[in-house]
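The chain below stands alone, shown as structure tokens; this is the form predicted alone.
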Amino acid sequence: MKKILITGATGQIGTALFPALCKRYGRGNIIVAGHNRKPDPGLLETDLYVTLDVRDRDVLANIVKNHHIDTIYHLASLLSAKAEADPQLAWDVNVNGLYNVLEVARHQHCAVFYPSSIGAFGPTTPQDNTPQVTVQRPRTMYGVSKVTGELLCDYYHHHYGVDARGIRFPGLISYEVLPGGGTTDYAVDIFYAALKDKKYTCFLAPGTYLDMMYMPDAVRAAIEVMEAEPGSLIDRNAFNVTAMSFAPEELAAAIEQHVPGFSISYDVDPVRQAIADSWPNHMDDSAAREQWGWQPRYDLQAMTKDMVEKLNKKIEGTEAEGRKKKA
């Protein structure tokens, strides 16, 4: 039976990954670690939650040892926009944090999942059908840290035998937790604005195509790559995965089908626009499909329908809870 540690577990991916891993391996076998974001109250009431700054290797090593961890899903990271605002902190968390995870995994014989990103590419990368192996010259600290992470994972596998695997996530869309400072965050913010105000001001320009994925597919991809037979993995680390590619106006049109009267306007943020322009329009994920059977289940229409339904219920529940507290 696996014993799994999730770092950065209170973020966008971790919040969705935790229940999926609990369902698959049993709740008592999943330890969640967070640092800056307040965890769900239910986690604080159990012995499953631990406080961890991934820059503190000794604390990390003790957690892994004390809980008999054999697999680490390492999600703790500063995302693109926040990383550009504080590049020194981004390097410290994103690179030194991963280095600590890999060192602990080396000594305590753990497998490691590492999420890379479309941010690992740059303006000289082919933007359409971006290959699995291609030019990676990002111009953001987030991208630099992700490329470094990919190389570190390869190094630790080849030199120390650490079972390090990973995928390059596109922009991720979910309703569980608000996004945490990424360039693709507009694709989540737009749903909240649509349901609350029926209008949204987008910080990316129309025609800005980016790869995207709905969170249920992202969680499934993370689990599937870790469960894949090792002998089938040629690339092993940093697999391109995607589900859909769209521009803001196309997402707005899909939302308008479920929220009549919704409108979108634009106030372009030059920093985030420059980041988005350096990323691919669409990645080629054939390596993931061939080596471990990757197959997305949600396209733009299916994702939009589910997001509107789930987010509506969440907003209604929050409002009802607020009324209950006031009564």
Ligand code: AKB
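Note that residue numbering follows the sequence shown and begins at 1. Every value quoted in this text rests on a predicted model; they were computed, and no experiment measured them.
Not on display, but discussed next: the form predicted in complex with the ligand.
- Highlighted residues L79, P170 and T184: every one comes within 4.5 Å of the ligand in the predicted complex, counting any heavy atom.
- Comparing 193 to 201, 153 to 161, 113 to 121, 96 to 104 against the ligand in the predicted complex, the single stretch with non-hydrogen atoms within 4.5 angstroms of it is 113 to 121.
- Proximity to the ligand in the predicted complex, taken as a non-hydrogen atom within 4.5 angstroms, holds for one residue of Y214, F239, Y142, F246, which is Y142.
- Along 258 to 295, a non-hydrogen atom within 4.5 Å of the ligand in the predicted complex is carried only by W279.
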